[in-house]
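Take a look at this single chain in structure tokens; it is the form predicted alone.
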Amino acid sequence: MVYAGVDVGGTNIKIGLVDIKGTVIADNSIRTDKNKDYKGILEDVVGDIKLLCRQAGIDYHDVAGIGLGVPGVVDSRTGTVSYSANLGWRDVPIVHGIEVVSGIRAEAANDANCAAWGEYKFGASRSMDNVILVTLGTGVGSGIIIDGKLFDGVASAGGEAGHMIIVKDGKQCNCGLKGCWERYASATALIEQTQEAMDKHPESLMHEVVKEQGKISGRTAFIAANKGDDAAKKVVEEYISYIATGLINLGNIFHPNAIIIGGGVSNEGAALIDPLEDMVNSGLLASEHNPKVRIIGASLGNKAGLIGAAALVM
């Protein structure tokens, strides 16, 4: 059996054909054409699925289902995108729409939930029935799995850990609230923190790193810290402490087997994961009496979303 997984983003849409073992047979990325309405975008998606089938030598009619991951509030029960700021969509019947265009049954969920489902079914948290995925990218996304089932609250509006308040009356978030975890723990926030430190420390190696890399990025402070730069070390330590604050909250509420860290920042590996695991487990309630919560880097990379979306219809 072959399934199509679609990871819809505000700029690009990742599309792949996935087999029952979670192996990506063929995949591609197309531009999200915001000049089109959702029906036009779905026609582009189906057109690309047909192209992938031809390239892989698969009969289009052998595609058993299409799963879609979409940023924003996605009611997985009705197949409706209630709201997506990145796409400018409100009350879009995405499942019905793609079923009409493709002639194939479909399901949809929030993109972070899809990534969590992908890691649970085929990746780093396989065989763990209680797990949380946190993605550190432009924002902070999260997917929560309890007893082997995705948790998303009433009308699928829950599970948005990135918007828990960790600083009362803190920095303004794009969501309208202040002090959201996302404003302190996302890659966007890390870049902001790095720039602030560079402004205060003209002697820092971070300036050299930016010249070498051609731009400031989420890696800038980590690279300079690895070279012994004190200002960069402080940025990294403070940033990791912000991540840990949110993870401790999640750990105390859910106490999962593991928390999976995804997104671009997760590529820092042990430099991020090891101190995070220490901070989180030392900060949990009655940590000396309860099982440790493992902190693990995501294993499916940027294909977790499309693999998890395909798994929705398996």
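The numbering used is simple: start at 1 and walk along the sequence shown. Since the model is a prediction, treat every value here as computed from it, not as a measurement.
Below: the form predicted together with another copy of the chain, not depicted.
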{"query": "Answer range among 242 to 250, 264 to 272, 23 to 31, 63 to 71 for contact with another copy of the chain, defined in the model of the complex as heavy atoms within 4.5 Å", "finding": "242 to 250"}
{"query": "Listed residue that, although another copy of the chain is not shown, lies within 4.5 Å of it in the model of the complex (heavy atoms), from 223, 155, 216, 101", "finding": "155"}
{"query": "Proximity of residue 283 to another copy of the chain in the model of the complex, heavy atoms at 4.5 Å", "finding": "yes"}
{"query": "Non-hydrogen atom contact residue 255 with another copy of the chain in the model of the complex at 4.5 angstroms", "finding": "yes"}
{"query": "Contact test in the model of the complex: residue 160 vs another copy of the chain, heavy atoms, 4.5 Å", "finding": "yes"}
{"query": "Non-hydrogen atom contact residue 211 with another copy of the chain in the model of the complex at 4.5 angstroms", "finding": "no"}
{"query": "Contact test, all of 90, 165 and 290, partner another copy of the chain in the model of the complex, heavy atom 4.5 Å", "finding": "yes"}
